[in-house]
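One chain comes next, on its own, written out as structure tokens in the form predicted alone.
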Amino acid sequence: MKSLWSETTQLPERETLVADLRVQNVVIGAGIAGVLIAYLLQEKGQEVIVLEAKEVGSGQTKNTTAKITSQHGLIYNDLIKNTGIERARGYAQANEKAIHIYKEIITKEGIACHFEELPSFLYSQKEEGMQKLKKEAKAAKALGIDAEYIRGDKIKDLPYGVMGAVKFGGQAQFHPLEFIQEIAKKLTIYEHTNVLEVDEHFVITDKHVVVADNIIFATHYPFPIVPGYYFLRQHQSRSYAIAIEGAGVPEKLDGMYYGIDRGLLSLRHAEGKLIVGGGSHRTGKKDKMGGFCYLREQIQRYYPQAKEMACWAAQDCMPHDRIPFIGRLSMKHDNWYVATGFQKWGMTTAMVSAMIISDMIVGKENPYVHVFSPQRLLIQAGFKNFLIDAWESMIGLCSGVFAQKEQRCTHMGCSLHWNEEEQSWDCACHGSRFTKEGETIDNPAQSMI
């Protein structure tokens, strides 16, 4: 199972860590977030290295749909209501700025990565959804985003009719591995160097030890259980994508599309193919409208002559209040930083992480620090989701006590569930995944079963 990006780009190999090191900054994780953080730190005159357990871009970065957008589902109206207009405005402005910085870097470095500026659309087939879209358009516009509600009959790209949509202008899409391949050339990255433990300024790997002034956790889901307690603050979700081509399949769309009704599809074009996304569900939990089977049923329904060219799945960290955690990992360690909780919008939020963390490290004031601070307390915005996750964790931990060793997660001991479709052992508590043989696929677990 390979993504369209992996099928079309092969990143060069990097050496492993061969000696103990002393550096200013060490970034753990060479996905899009880790590489961007390292890139901006280096641009600001900082010494930095990146440690990667596998290969550059081999985690969630290769499995994205690669939309660079401030359109994050139905979020802005809820953010204004639950967190206040100032925090909502900061969230919107940070993501809008991230889009512009991508463009600046791509232009400056002369990167050929199929970067294309396009509008992004939220759409619905329901009357209730149409009313939500109108509120979302009003909220997004009030926060400074180029957004407007449009009638459904103006949407021509979709294989079915819709009642209405919100059009977000000034958005973009690209090829993530082509992009990361180029900016990584300037960086010192050590592959196949697995971080086992972090203690104050010491990063202990399976090869050697790195001593650093600052340590940045860009591992998608931070592996330290304490401090930070991120296992209490977010869960993980699976989402799926299939690239198709053939008769009846459009090679190019007028924008990127994301349906807000349950079961609707996400669409974008890429290199003459159509990427169809959807089927999301909580990791470790079955869902009749989730997974590849559901997505293939929809493709057969709407594009019956389509040929499948690639299929892949992504894992997303879902914070309770819908705002990522970017900044100091905890109050206990001034030199530990974290970037996690990107939901399904990792490309844009990765750049926001790089902007904020690089500024914090060099002592530059950043207007968005408070918005994404991991130390924030937003009970109203996330209490319901906290209770749901706490219940899932309690069930998983209790059943894990009685599970066989090969069916118990090495993160915190929750029971694992067999995912027949993807042939993996999945943890519904915190989202770790393992192969049939017990090797770790997705963190926070660090060791095999």
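This is a predicted model, so every value here is computed, not measured. Start at 1 with the first residue shown and count on from there.
One more form of this protein should be noted, the form predicted in complex with a small molecule, which is absent from this view; the next part is about it.
> The small molecule isn't shown here, but in the predicted bound form, which of 81-89, 343-351, 152-160, 125-133 has heavy atoms within 4.5 Å of it?
Residues of 343-351 come within 4.5 Å of the partner.
> Which one of N77, Q181, Q315, N214 is close to the small molecule in the predicted bound form, taking close to mean a heavy atom within 4.5 Å?
When the small molecule is considered in the predicted bound form, the option within 4.5 Å is Q315.
> Work out which of S373, S330, Q93, N194 lies within 4.5 Å of the small molecule in the predicted bound form, going by heavy atoms.
Only one listed residue qualifies here, and that residue is N194.
> Taking the small molecule in the predicted bound form, would S120, G259 and L274 all count as contacting it (heavy atom within 4.5 Å)?
Result no, not one residue of the spot touches the small molecule.
> Give a yes/no on whether H235 approaches the small molecule to within 4.5 Å in the predicted bound form, heavy atoms considered.
The answer is no: H235 has no heavy atom within 4.5 Å of the small molecule.
> With a cut-off of 4.5 Å between heavy atoms, is S358 one of the residues that contacts the small molecule in the predicted bound form?
Residue-level check for S358: no, no contact with the small molecule.
> Taking heavy atoms only, is I242 within 4.5 angstroms of the small molecule in the predicted bound form?
Because no heavy atom of I242 falls inside 4.5 Å of the small molecule in the predicted bound form, the answer is no.
> At the 4.5 Å heavy atom threshold, is Q171 in contact with the small molecule in the predicted bound form?
No, no contact at 4.5 Å.
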